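One chain is shown next in structure tokens, namely the form predicted on its own.
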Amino acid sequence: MDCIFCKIINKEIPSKIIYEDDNILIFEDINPQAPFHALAIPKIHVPTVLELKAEHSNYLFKAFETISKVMKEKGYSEDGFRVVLNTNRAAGQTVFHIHFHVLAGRLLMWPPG
């Protein structure tokens, strides 16, 4: 498999890891769009939200549970943060392994794009 996120999970490509457990990896984005910009990825390869199945539900719950924990620890929970999931190219998805962008540390405007 030639998925860059799978290679990060397998430690074939270095990353600045913020959190890791058996299900989820959170690491710093290499092109940050906010003072805090991380990617939360499940440790299973699912290309987009369109391929999600019932058996993936635990990974999704763990992703949001972990994002919540990390943002509280980093001190961003009170002011707020944004979680973004892009699906396919027109939405900005460039790596086809489901992932959540977590952004904080500045005023995030609406609409986002």
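Start at 1 with the first residue shown and count on from there. Quick caveat: nothing in here was measured; it's all calculated off a predicted structure.
Not pictured, yet referred to below: the form predicted together with ligand 5GP.
By the 4.5 Å heavy atom rule, the three marked residues D22, A40 and I67 all fail to count as contacting ligand 5GP in the model of the complex. Contact between I4 and ligand 5GP in the model of the complex is found at the 4.5 Å heavy atom cutoff.
When ligand 5GP is considered in the model of the complex, L50 lies well away from it, no heavy atom lying within 4.5 Å. Among residues of the shown chain, F36 is not one whose heavy atoms approach ligand 5GP to within 4.5 Å in the model of the complex. Contact between I30 and ligand 5GP in the model of the complex is found at the 4.5 Å heavy atom cutoff.
Of the residues in 60-98, those that come within 4.5 Å of ligand 5GP in the model of the complex through at least one heavy atom are, in sequence order, N86, G92, Q93, T94, V95.
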